[in-house]
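Just the one chain here, the form predicted on its own, laid out as structure tokens.
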């Protein structure tokens, strides 16, 4: 019998079929629509690999998976996977770094442009007002050129954002735990403490993983540091920003607006105050939602699963496991 690979059906059918096409020769691929059901736990008993989208992988789930060797996260963030519990059981945890950086960076720039040029307002104006004889003119908006972009987290995605912002003639400053000498040299990005970055930036964009250290990294204190004409963009993880403080900042005018692709609760509840605010641009956690990126993500996961099935270590082990599991 072929080893079993269980895949979340939180992905589109076209992507699911690609998994099956690329793994059929070495594995039995099972798509499970409802997790933590009797059927799921029955299938999990024999599973060697698990591909997760937004599902939680905790100790209780792992107790039902004695043969599991790898948990592959379809994306970069793996805060819903108990890495320590997996490590204790010798289970590799992998993700898909690098292959999605460009897509997330492009969405970040799109949110920045939507905020600076008020594209949502302009779209509604064309649909409802522009054709009227006595229409009011829209206010003038802002260029990106010569504005300062503050990047919180200058890793793979942050660097791709910096490259694109440089093409818009923006000034780049950044904050990270580790200095990025490449960005400093090639893009003239300047490192500075977080409070200084917040107070000097016209736009702030966040690209950090969700960890205990980064949860509510941006709260009321940090938002009050920002310029009243500044915008903040988050395409990383929702809880990195204190959403309650953010809503207050938007309502009381501490900042000019926000572009969000991620939220504390997803999907974003329809009664969220964010939904009713005019100085907000919202997208439904779609940073990697391009055909090309999703195909690269599938190929990356398949490559690591195939290695594990051959008794080898995967290439994209999460940092917490490096040096603790065979490589």
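Positions refer to the first chain, counted from 1. Since the structure is predicted, the reported quantities are computational estimates derived from the model, not experimental observations.
One more form of this protein should be noted, the form predicted in complex with nicotinamide-adenine-dinucleotide, which is absent from this view; the next part is about it.
None of 243-251, 134-142, 114-122, 153-161 except one has non-hydrogen atoms within 4.5 angstroms of nicotinamide-adenine-dinucleotide in the predicted bound form; the exception is 153-161. At the 4.5 Å threshold, heavy atoms of residue 219 stay clear of nicotinamide-adenine-dinucleotide in the predicted bound form, well away from it. Residue contact with nicotinamide-adenine-dinucleotide in the predicted bound form: residue 44 places no heavy atom within 4.5 Å of it. The closest heavy atom approach of residue 76 to nicotinamide-adenine-dinucleotide in the predicted bound form falls within 4.5 Å. Using a 4.5 Å cutoff between non-hydrogen atoms, residue 288 counts as a contact of nicotinamide-adenine-dinucleotide in the predicted bound form. Only one of the listed residues (170, 83, 223, 208) places a non-hydrogen atom within 4.5 angstroms of nicotinamide-adenine-dinucleotide in the predicted bound form, and that residue is 208. Residue-level contacts in the predicted bound form: of 262, 65, 57, 32, one residue has a heavy atom within 4.5 Å of nicotinamide-adenine-dinucleotide, and it is 262.
Annotation: in the predicted bound form, residues 2, 94 and 301 none come within 4.5 Å of nicotinamide-adenine-dinucleotide through any heavy atom. For the partner-free chain shown, 175, 176, 177, 178 of 164-188 come within 4.5 angstroms of nicotinamide-adenine-dinucleotide in the predicted bound form, judged by any non-hydrogen atom.
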